[in-house]
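First, one chain by itself in structure tokens, the form predicted on its own.
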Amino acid sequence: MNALNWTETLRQQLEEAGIVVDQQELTHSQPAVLWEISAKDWHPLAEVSMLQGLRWSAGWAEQNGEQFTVHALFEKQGIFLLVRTRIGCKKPELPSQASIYPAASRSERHTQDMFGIKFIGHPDKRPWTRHKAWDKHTHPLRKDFPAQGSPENITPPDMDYPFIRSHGAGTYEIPVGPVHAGIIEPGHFRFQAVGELILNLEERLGYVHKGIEKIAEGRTPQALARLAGRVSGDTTVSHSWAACMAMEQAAALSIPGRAALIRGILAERERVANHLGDIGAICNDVAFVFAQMQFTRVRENWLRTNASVFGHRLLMDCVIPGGVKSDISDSEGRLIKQDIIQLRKELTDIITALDLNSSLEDRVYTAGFLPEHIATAYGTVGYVGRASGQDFDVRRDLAYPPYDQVKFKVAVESQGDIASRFWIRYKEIMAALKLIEQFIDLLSPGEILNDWQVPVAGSEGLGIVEGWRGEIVTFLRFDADNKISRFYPRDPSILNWPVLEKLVLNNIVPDFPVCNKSLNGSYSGNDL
């Protein structure tokens, strides 16, 4: 079916089922088709969408006066469909889509905690984000809730969260976290096991809740871009880019071509740095310390070039509304290219040593297996999804500047194990190096920043970019006076974290760290 035709076919099927679709125009040609439906049709729409092979991508809500608007974003063949419905603020209820799309489960639980919207028929009634930081009748994303809240001196411990219990002779529980031995963010993992064999894993996240959605309200575009860059510190470029893309759409503002190319260089450098760190960390978790040291070394050299050219090792605040903060000189372009030549040479030697290491192969091949049908059901994205046959990349399938000017190969594998997630990262590094070279070659003299133009109150934007972990979705709406009314950033980790509970099954407990690292979800990106 032609990618542009499936939306019309879906609409016809919905109308045959008695579901009325009000097709609307998104502000300034955003990259999605916009439908509005009645609340009673929310669940039937999900049923038909699943039958037609749509992927559930994101869900969020916003308050508009005495109404809530609930959004769900779907994707198929690179075309996005944004569906919304409206419900009243008094006793707000909506049929759940989570029984059809498992990917929607935690998003709906987050919306229930933050807005007080009850999702009828949801398979999991437990709170997700709240963690006793506010009582169950308080909802921080409602407009009458102050950003500073009214916190107690000490937040009560979340000791009565009803984890699934283990039963049967020989079964036992292993609690891990939320505080870990390493310098990582907190997350709790509750295992049920027999001997060393994992029977079940349940995650409890939300320990680093930052209130990002709330403190975004009332910010200027410049301040929001800085905040977006801190949703997940290792994805500062891509989150800032998605937020700026959404704001620029709302303001009907195009960025200069040179700025788009520099954004592409920044995003690919961020991708390379993180993949280098992850490959080394996977090796470290199976006690191959030599490899971890080598990847740490080459990553450090890469980050020093970031600092030299862009002024920040992790590229914070380089992407700003209307373009980019700093230009790239000819000499800096040559330095970046020389950096790439050196990295390719170093990786050739290191990867050869890894490929010949049988003990490494013993630990990563067949371990942490994520079947393709599970990856599909959970809408898994990025290197985790592509290692399990999910052939989707926003840069290629919804090409935005500067990716619409170049050709590149998206690596996809079907083995679905730790080794696949290892090698996908390596292939993405090599593709990213080629992209950076192409972007530098395409640079021509020009501006790097266009003047901001204030959007009309009520204007909305939808930014969708391919971060290094996968697809990032950012929705925002402007209020009057150039201020943000609603900001929702959906990190890839929100979709990827749930499949960790699946890929560890039937592995042994000592393999959990490397299974976890092969996914490497962001705690911070998950905990808005």
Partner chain sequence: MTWLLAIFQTLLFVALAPLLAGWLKWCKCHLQNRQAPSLLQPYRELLKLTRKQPVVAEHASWIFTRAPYIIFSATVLAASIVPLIAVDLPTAAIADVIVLVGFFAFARFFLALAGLDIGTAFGGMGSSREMTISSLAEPAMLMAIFTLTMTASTTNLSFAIVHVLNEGLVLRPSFVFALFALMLVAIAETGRIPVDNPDTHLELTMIHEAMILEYSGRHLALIEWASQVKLMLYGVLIANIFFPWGIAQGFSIQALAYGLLAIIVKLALLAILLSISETLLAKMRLFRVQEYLSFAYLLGLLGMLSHIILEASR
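Just so it is clear, the structure is predicted and the values come from calculations on it, not from any experiment. Numbering follows the first chain given and starts at 1.
Below: the form predicted together with its partner chain, not depicted.
Under a 4.5 angstroms non-hydrogen atom cutoff, its partner chain in the predicted complex lacks Tyr400 among its neighbouring residues.
Within 4.5 Å of some heavy atom of its partner chain in the predicted complex lies at least one heavy atom of Phe288. The closest non-hydrogen atom of His275 lies beyond 4.5 Å of its partner chain in the predicted complex. Shown alone here, Phe191 lies within 4.5 Å of its partner chain in the predicted complex, counting heavy atoms only. Note on the partner interface in the predicted complex: the residue among His110, Arg363, Arg299, His71 having a heavy atom within 4.5 angstroms of its partner chain is Arg363. Contact with its partner chain in the predicted complex, defined as a heavy atom within 4.5 Å, holds for exactly one of Glu196, Asp441, Asp349, Asp451, namely Glu196. Segments offered: 85 to 93, 179 to 187, 336 to 344, 257 to 265. Contacting its partner chain in the predicted complex at heavy atom distances within 4.5 Å is 179 to 187. In the predicted complex, its partner chain lies beyond 4.5 angstroms of every heavy atom of every residue of 387 to 423.
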